[in-house]
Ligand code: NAI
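Shown below, as structure tokens, is a lone chain in the form predicted alone; questions about how it binds or moves come after it.
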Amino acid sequence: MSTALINPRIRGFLCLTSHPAGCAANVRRQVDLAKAGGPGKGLGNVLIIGSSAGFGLASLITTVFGHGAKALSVAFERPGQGDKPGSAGWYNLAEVHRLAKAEGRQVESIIGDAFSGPILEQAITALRERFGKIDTLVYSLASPKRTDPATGLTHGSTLKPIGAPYTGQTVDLDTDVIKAVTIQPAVPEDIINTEKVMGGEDWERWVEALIAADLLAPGFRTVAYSYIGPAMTHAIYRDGTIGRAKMHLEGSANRLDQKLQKAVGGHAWISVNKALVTQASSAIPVVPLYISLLYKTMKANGSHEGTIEQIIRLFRDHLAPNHSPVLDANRRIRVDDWEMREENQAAVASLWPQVTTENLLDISDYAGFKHEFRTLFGFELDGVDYNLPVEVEVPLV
């Protein structure tokens, strides 16, 4: 065991360090909200694929502490070693495990590449031996690369427009300067590769393997997460390579829904979520500036939700047992509904042409954006003394 004094080392949308005590504090905050926002019972066995951060972590916490589930989670994270801190996701899971054990709850995590065949087989073995059939699966993987287990080829995702170059304004996360950014359009291979990584192919593979293994309970439900956003982000997101992958994900939901209805009377859905601060969203040009303006607007009128609040509402209103989710015309659950309210979008649209480097902090919540980004890695949490060394080698108990 080894202690170290850990400070944030941030480059753009990357934070190169994480704070174990801060990550633990962030998890405890989310657990408290999940307990207050859920009935404490109702779910049986759940599988969360991509469980260590963002929406996946919030899903793990909500199902376990808000709905009494027994959970198997899958994530690709790095433990601390010596004085080198592990990943934030590792420390998040460590605190979830610690709290679950203290309360007599069953939580298990498989650490490895969820895209790989061996990790899928490990999950099937764990379910057979220690859980039994599952009634809920959340698919929340976010990765820049995927090695296709069928071909052995590695595919990389890209953030590019399709058809024409994109030029727009964004905020430089290193200098806090508003600047123009131009991104060249994707070639066909970029689209294919991004679909391979961020589409629904692997979600389908997991669900089909669980059907074959007879590990789905009657009425089983599965959900994957997506985003649409406003017109100002469509060129780089919904109409770009990532958007094409999300359309593939929606197609996977429809295919899986038909298979699940026949197999176990089950369903597969897409949940379209709100724009929130995650490491993935921070990497998308335009989006950090849009989020900063959106947060300012939604906090002012009381409609803002963070990641955990969003997932608590998703399960409370749509995915709790004996609930039938409200779907749009394309069979999607829309918990981006508050974001997309006309008054919120109109306010952001009016601020968008006004924002400059000089007034950024005044007319947006950019300060809040940067603070929330740091909390993802365990920094700037209340009640944590960052002047003290902390234990780096935290186990998954």
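For clarity, every value in this text was computed on a predicted model and none was experimentally measured. The numbering used is simple: start at 1 and walk along the sequence shown.
Just so it is clear, the following notes concern the form predicted together with this ligand, a form of the same protein that is not shown.
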> Within a 4.5 Å heavy atom cut-off, is residue 166 in contact with this ligand in the model of the complex?
Replying inline: no
>> Within 4.5 Å, heavy atoms only: does residue 53 come near this ligand in the model of the complex?
In response: yes
>> Please tell me whether any heavy atom belonging to residue 142 falls inside 4.5 Å of a heavy atom of this ligand, as the geometry stands in the model of the complex.
In response: yes
> Hey, in the model of the complex, is residue 76 touching this ligand, heavy atoms inside 4.5 Å?
Replying inline: yes
>> Only one of these stretches, 128-136, 207-215, 220-228, 170-178, has heavy atoms within 4.5 Å of this ligand in the model of the complex; which one is it?
In response: 220-228
> Which of these residues, 276, 159, 245, 100, gets a heavy atom within 4.5 Å of this ligand in the model of the complex?
Replying inline: 276
> With this ligand left out of view, which of 114, 94, 235, 312 would have a heavy atom within 4.5 Å of it in the model of the complex?
Replying inline: 114
> In sequence order, which positions of 297-328 have a non-hydrogen atom within 4.5 Å of this ligand in the model of the complex?
Replying inline: none
